[in-house]
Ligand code: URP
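Taking the form predicted alone, here's one chain by itself in structure tokens.
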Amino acid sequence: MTLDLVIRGGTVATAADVYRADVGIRDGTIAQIGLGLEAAEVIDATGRLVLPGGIDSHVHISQPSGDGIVMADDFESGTRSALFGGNTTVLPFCLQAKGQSLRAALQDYHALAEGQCYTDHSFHLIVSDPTQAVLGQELPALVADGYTSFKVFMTYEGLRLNDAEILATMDTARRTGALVMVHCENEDAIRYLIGRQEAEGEVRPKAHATTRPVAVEREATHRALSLAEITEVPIVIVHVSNGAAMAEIASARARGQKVVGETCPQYLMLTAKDLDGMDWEGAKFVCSPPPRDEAEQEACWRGIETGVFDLFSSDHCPFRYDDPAGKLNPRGRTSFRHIPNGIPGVETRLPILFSEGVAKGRIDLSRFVALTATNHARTYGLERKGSIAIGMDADIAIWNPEAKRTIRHADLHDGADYSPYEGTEITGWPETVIVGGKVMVREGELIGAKGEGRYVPRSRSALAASAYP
């Protein structure tokens, strides 16, 4: 059997096993796994880890973000940054504007991605206007076309759905076999707290955290799970930041519900104190839900270690800091209310979890692979991705587990002008990244071209398909 490329002598890890083997690639697919494999091109992986390419299933790229606000990453810079962080597939969100058809939104979003991507990619849908036409016609047709997941918001004016709209959207998911993702924060409670803070004259970035306390997230998580129970659909609770919301997920599972839990690096590495920086520096850390405290960091680590969390995503949502179209836009300089929500992190997601998790003994290598690749593929219907096995797409990251690096934004590849993790010491970094059998990054140098990344339609999630009538 003629092979195009062999990765020789490395330690292969999957969500189930860790073993020494060569990996043989032909026509973009993993064709052989064994010892002594030969090919015209050989990569020596001695002393390296050979892992499935990361799948970041929660990123925001080229997404409309409000009047005068521009997201820092387009598809070129966003997927380039993802690639250098060891990712081979990303799943950004196609946002439906009020009054817009989902088909029109997708047409525009595909046009932004066309010919620009370094990684493979697939789109979630954000449903902001669940009209009868959207729920009765568009969504069922789009699910059949491979857009098998959509997100609903319980916060943000212009995006949030009320309970009746969420129920109707979930019922469409039940009928079509789609998977629903939910951003859980109680908008009415947030608006009440904002009003109270403003009445007291508190408008600094740190007020973003105090107006979105744990109770706001916990209540909305409970309500989302209750609505999913009523409609009998599995759901994904995204970017969970605290133990109380985790307890709601665990309780729902004990009742027999199918629930996927997701957390992110910011809830392991940052705290609300970071929002209290001098000279409005705290704006760099404004995201929703906000970072909590050290006790909640430890709770999130327990969730990673014990299986409350199935997914570890970046929620990469980048805005430039010192920019009139970013964090320090004219209104953002005057009040936390107008600071764009979101932080960059797609490139640092995997190194942070490897360094803080694997290198420090919190999780093993197989758990790392599950949290960063395999579970994402299984959750979102990416049947040929997320593992190193014969017949799978040859999406592979070769890691140096001993590499020592300090995170500096100057060394990263996104379109932002800062990293929230600046100065963090890291052990372990991906050096070579292969997408669909093509070497895109070799020993830290970009050699692949933009446009090599493909759009990937998805199957129904195994979780949702099992409830599909």
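Computed from a predicted model, the values in this text were never measured in an experiment. Note that residue numbering begins at 1 and tracks the sequence as displayed.
Form predicted together with ligand URP: not shown, discussed below.
The chain is drawn here without ligand URP; in the predicted complex, the stretch among 247-255, 190-198, 328-336, 282-290 whose residues come within 4.5 Å of it by any heavy atom is 282-290. Contact with ligand URP in the predicted complex, defined as a heavy atom within 4.5 Å, is made by all three of His58, Tyr156 and Gly342. In terms of contact with ligand URP in the predicted complex, the residue from Asp393, Glu217, Asp120, Asp315 that brings a heavy atom within 4.5 Å is Asp315. Checked against ligand URP in the predicted complex, the residues Arg378, Arg384, His183, Lys206 give one hit for a heavy atom within 4.5 Å, which is His183. Remark: His239 counts among the residues lining ligand URP in the predicted complex, judged by a heavy atom distance of 4.5 Å or less.
Ligand URP in the predicted complex is not approached by Arg320, whose heavy atoms all lie more than 4.5 angstroms from it. Interface residue remark: Lys151 is counted as part of the site for ligand URP in the predicted complex, having a heavy atom within 4.5 Å.
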